[in-house]
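Just one chain follows, in the form predicted alone, and it is written as structure tokens.
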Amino acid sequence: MDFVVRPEQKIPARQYDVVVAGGGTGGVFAAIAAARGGAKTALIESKGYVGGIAAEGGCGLHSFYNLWKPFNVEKRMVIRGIPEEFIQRLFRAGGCSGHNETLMRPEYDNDTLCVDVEIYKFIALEMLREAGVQALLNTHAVDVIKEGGRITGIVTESHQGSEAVLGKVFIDATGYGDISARAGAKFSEPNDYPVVNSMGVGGVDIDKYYDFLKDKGVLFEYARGPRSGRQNQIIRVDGAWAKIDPKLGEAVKELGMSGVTTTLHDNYFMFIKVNFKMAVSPSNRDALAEAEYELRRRQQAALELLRSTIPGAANAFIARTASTITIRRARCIECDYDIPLDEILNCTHYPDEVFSYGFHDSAPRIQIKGGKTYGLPYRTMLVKGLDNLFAIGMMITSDHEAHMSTRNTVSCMAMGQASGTAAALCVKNGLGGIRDLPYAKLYEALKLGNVWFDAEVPYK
């Protein structure tokens, strides 16, 4: 590969207290929390909208509650605060189903929450604006500016050129770990998940899909809720296509297609996912470009499969796709603490935890015990070797099975509120680094922000 030397360049700079890179699932809530905490906050997002995988995947947002049914324990909402405030706002706007109980598969998750992805994007932007966040959309974070172990700014590129976004505390919510990597943080690239693109499909009837799976004896999950202005309608369905016919099962497997879908509207599936396992990490640009093509090829083939399989779907069509590949992991950033699987499954709580959580995506094969919760320690978000950088979302937790809990959408939302609250407190108290924040101050601020803690936290 040839190289060039870029000439030294003087670029304009903006000054903020807290800078959040990445307007995805966690980044939105981090920015809102930081701004509400009194910090002048910027959010850098490469797309023209925010919401990330929660908005692009179109899937159900489960796990706000503990897993109460299979263990016959008290039903508790364990994720509250800004995430639940957002859900209530989304519900009032007609953008989600609210919390509905999952039927037939309680050992996996008891809570089904279906979203309208376009309304999700709007409400997220609206709440950012109301909080006073400066949303720098259509803006790419391309480099960092450092002084010793501190980041002082992020270099960005947009249609108006290069710019430096300066700050006191930074939150890497990019999903890919771009800011952490450019700042010199240690990381690994496990490449242990397939990449995904989801499509919304019009001209299909979810009631007919439900009946089809039920008649074939392969229905294993569904939920009821509001749909097109009517209550108690089918809004989520999943079934084992491979059990219908071996050839059908092989076709589904080759496409990496999942049988689950949700909807809030008649004659529309909000998402059908197709997956593709890359040979290398999705941080590889050229390989990612090939995967983008492959997933869109698979979408076209999946559409034909839906048309030929589901009754009444002969004229189905793709109504939306995600603008880019969605990932479950790229870089795994080395932080001060790497939460292990046994502590998650054994419901461990910590003297520095920032929220409680009780969902595992591999249930019932891997199950958090007794319908209880574990706590996420503050230390898990502190990027090792850097004084003022948080990493949140899918970038933390090295063990794949442990990551199958912490990476989930609602966990990422809660991480966002925790990191944004902490960042604002660090600025407000003039602290030299994010490790200097007294936990008592953070705990009280999170409690005031309606964050739920399942266990007594002995911080005194």
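Numbering starts at 1 and runs along the sequence shown. Here the structure is a predicted model, which means the values were calculated and not measured.
Only in words, not in the display: the form predicted together with a small molecule, which the text now covers.
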- prompt: Are any of the heavy atoms in Thr139 no more than 4.5 Å from a heavy atom of the small molecule in the predicted bound form?
  reply: yes
message: Considering non-hydrogen atoms and a 4.5 Å limit, does the small molecule approach His400 in the predicted bound form?
response: no
query: in the predicted bound form, does Pro377 have a heavy atom within 4.5 Å of the small molecule?
result: no
query: Would Thr174 sit within 4.5 Å of the small molecule in the predicted bound form, counting heavy atoms only?
result: yes
query: Since exactly one of Ala35, Val427, Ile44, Ile434 fits, which has a heavy atom within 4.5 Å of the small molecule in the predicted bound form?
result: Ile44
task: Quick one: from Leu61, Leu67, Ala423, Ala414, grab the residue that has a heavy atom within 4.5 Å of the small molecule in the predicted bound form.
output: Leu61
message: Partner absent here, but in the predicted bound form, which of 310-318, 127-135, 72-80, 325-333 has residues with a heavy atom within 4.5 Å of the small molecule?
response: 325-333
